[in-house]
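We begin with a single chain expressed as structure tokens, specifically the form predicted on its own.
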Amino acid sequence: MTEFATVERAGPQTLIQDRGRRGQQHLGVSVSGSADARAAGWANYLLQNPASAALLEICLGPFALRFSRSTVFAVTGADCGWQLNGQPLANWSTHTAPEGSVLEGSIARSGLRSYLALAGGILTPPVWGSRATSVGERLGGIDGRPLAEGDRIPYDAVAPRRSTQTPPDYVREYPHQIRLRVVPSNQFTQFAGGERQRFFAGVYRVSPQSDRMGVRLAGEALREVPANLVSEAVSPGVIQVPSNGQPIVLMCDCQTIGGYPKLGHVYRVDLDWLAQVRPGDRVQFVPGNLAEAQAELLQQKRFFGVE
């Protein structure tokens, strides 16, 4: 039987997400989906949900949710100091919510995005095969927008289960400086050798203008940026360099085509780290290779049961 959890505090941006809306990019529709696929994957995995189950992505916090019926949930990703009816909860774990109970999270202690999964997944109507919220296109979730106070989230009430936890070796803390591995793009050699060296030697700070479309970086600008390029398809992980010489890493809500020159592509598994950076955090890039990027993504997909 479908029940509803009521949002009592929504925070700056809480979104219903899943693995994303694939196969619609030719129509100009972004993939969207969970920004940190690994943390979202663990939330569903702990509950034995399908990898495609929808869940909540909570940006920064605070957040509060009241359950109409008992259910089991999992929290992963950034630690919001979760409490259930005032009692502290472990992050990266499952918990049972009694009927009428309130789950509350404060501002994230580290990292940026928390994930809250309910047993059986969130049951909002799918749009083009996905429940993911794409704010730019107003698709999915609840009216294609961030959640607001008073929204009712549909779920299936389930019997309590034994609590499970992510093994300690797989629990992530989110540092203030990360390294991202890069596969060179087809335009990599159009950047002068000195500019490529400058890019890999630089340490960039995350701009406050970053969002789910792209993480904007500020550091020593690249001085010679290729121009007069034809727009072509882009995807999450692409590193674009506009005329100001400051790189932008495209994220899950990115546009489907772009004309800025591209230095490379961040490993898909490394985008999970990038999804957790805050303004002012530091980013450095290191050279990688396509075979390693593909192998690590395939390993992560197999673990979470992604087809």
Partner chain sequence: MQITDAGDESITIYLAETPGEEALARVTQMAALIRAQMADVITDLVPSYCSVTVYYDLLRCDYATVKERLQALMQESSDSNGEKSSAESAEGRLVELPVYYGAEVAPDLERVAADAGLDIDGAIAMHSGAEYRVYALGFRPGFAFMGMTPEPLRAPRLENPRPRVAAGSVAIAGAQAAVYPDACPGGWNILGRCPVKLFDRASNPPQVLLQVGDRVRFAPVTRAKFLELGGVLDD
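Please read all numbers here as calculations on a predicted model, not as lab measurements. Residue numbers count along the first chain shown, from 1.
In what follows, reference is made to the form predicted in complex with its partner chain, a form of this protein that is not presented.
Its partner chain is not drawn, but in the predicted bound form it has a heavy atom within 4.5 Å of Arg138.
When contacts are judged by a 4.5 Å heavy atom cut-off, Thr256 counts as touching its partner chain in the predicted bound form.
Although the partner is absent here, Arg38 is not a contact residue: none of its heavy atoms lies within 4.5 angstroms of its partner chain in the predicted bound form.
In the predicted bound form, none of the heavy atoms of Ile107 sits within 4.5 Å of a heavy atom of its partner chain.
Partner contact region in the predicted bound form: 123-131, out of 110-118, 150-158, 202-210, 123-131, criterion any non-hydrogen atom within 4.5 Å of its partner chain. Checking Gln83, Ser163, Ser231, Gln197 for any heavy atom within 4.5 Å of its partner chain in the predicted bound form turns up a single hit: Ser231. None of Val238, Ala51, Leu60, Ala64 but one reaches within 4.5 angstroms of its partner chain in the predicted bound form through a heavy atom, and that residue is Val238. Taking its partner chain as it sits in the predicted bound form, the stretch 187-204 comes within 4.5 angstroms of it through a non-hydrogen atom at just one residue, Gln187.
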